[in-house]
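The form predicted on its own is given below as one chain in structure tokens.
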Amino acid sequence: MRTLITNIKSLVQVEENKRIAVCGEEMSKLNCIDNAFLIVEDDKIVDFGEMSKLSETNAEKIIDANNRFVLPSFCDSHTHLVYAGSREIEYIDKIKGLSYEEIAKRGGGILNSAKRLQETSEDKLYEDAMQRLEEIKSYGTGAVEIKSGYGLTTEAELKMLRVIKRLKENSPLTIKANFLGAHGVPMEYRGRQSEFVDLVINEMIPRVVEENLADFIDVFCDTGFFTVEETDRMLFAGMQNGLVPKIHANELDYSGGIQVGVKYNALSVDHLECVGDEEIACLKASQTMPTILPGAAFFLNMPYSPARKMIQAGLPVAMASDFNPGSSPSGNMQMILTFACVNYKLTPQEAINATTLNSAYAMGISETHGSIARGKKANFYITKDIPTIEYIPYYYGTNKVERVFLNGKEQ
């Protein structure tokens, strides 16, 4: 099926030569073609250019963009969108002043979600997660990483990952699965945390690999969760079994999580509220993508990661939603653009790079996703009638997406 889209007001983030990521001051540059066309063959982008140079006559389907913008779909590289039930009662606790760590110590937070998930059927988890995928798709997301981590037992973790596998098979979104067995320490392992680490290494990882359920392995390396030494052991075991490492790092403290992630060439280190010169220097010497989660910092009223400092140091920066029931109950990547600009002082151009090409890198798919380039997956959206691309983060709280195309097909 050959599809031609005409009369595009501006085709945004065009690449003649594909890049896998954008670093430093290059993040402020966003190549656009005004008054453009786009040609899709089956699920791939095959051509684009100025309308005045269009010679296409054999497209089977022609779509008039009616002077709207076309952008590559968001790549949301950090979510926990398979979960059971909401946690708005904890939201009230936060309003009353309880910290994230205090709620976790009382058996709330991740442990609350784990208890609910263990009691919920796989079919129910799948149905609810598919609804969330449909929601984020409508806001322009075309690729998403989904983590386990609300199981905290072998069978519950496998249940979550089987749900993610079903979502992969049945959703048009590109989905990557991340095994996060070390998301928290179950109550029954308090005081003997090393035994739980052994369980992750000796029982969970082999089962996950045996059933081919995950692309990545992740660990929550931070104060009150897993130590650098424990993280080191689990990442090493995951890598030995063919899982690509990623890591939750430095959300609550200068935990050493960034350094251990870089040690194992982690694809990304995520959260990063606590980042100083030492961490920036470590990242500069690596191929690991620093990934900021603005929704979580906003919702938890935490300090903001020094995104501007990282960019000025020449680093790339990715941003993702952290969609989860406890600390970021939204997968709306348009809001992440707004947070990026307002709270982290990124320009709209930098924010778009952070939520498309760089976040595609953080999922290991930037060769095929994250920009408009020949040969890449035809994942993009047509906006509503808006004046500029800057309007997307500026006019926050409403959906600026009019039509969504994934794998070359309108959704």
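The numbering used is simple: start at 1 and walk along the sequence shown. All values derive from a computational prediction rather than experimental measurement.
What follows is about the form predicted in complex with a small molecule, which we do not show.
Remark: V208 does not count among the residues lining the small molecule in the predicted complex, judged by a heavy atom distance of 4.5 Å or less.
When contacts are judged by a 4.5 Å heavy atom cut-off, H183 counts as touching the small molecule in the predicted complex. Taking the partner from elsewhere, K159 is found to have every heavy atom lying beyond 4.5 Å of the small molecule in the predicted complex. Within this chain, D322 lines the site of the small molecule in the predicted complex, having a heavy atom no more than 4.5 Å away. Contact with the small molecule in the predicted complex, judged as any non-hydrogen atom within 4.5 angstroms, is confined among 195-203, 282-290, 130-138, 78-86 to 78-86.
Out of the listed residues G326, G151, P245, P316, G326 is the one that sits within 4.5 Å of the small molecule in the predicted complex by at least one heavy atom.
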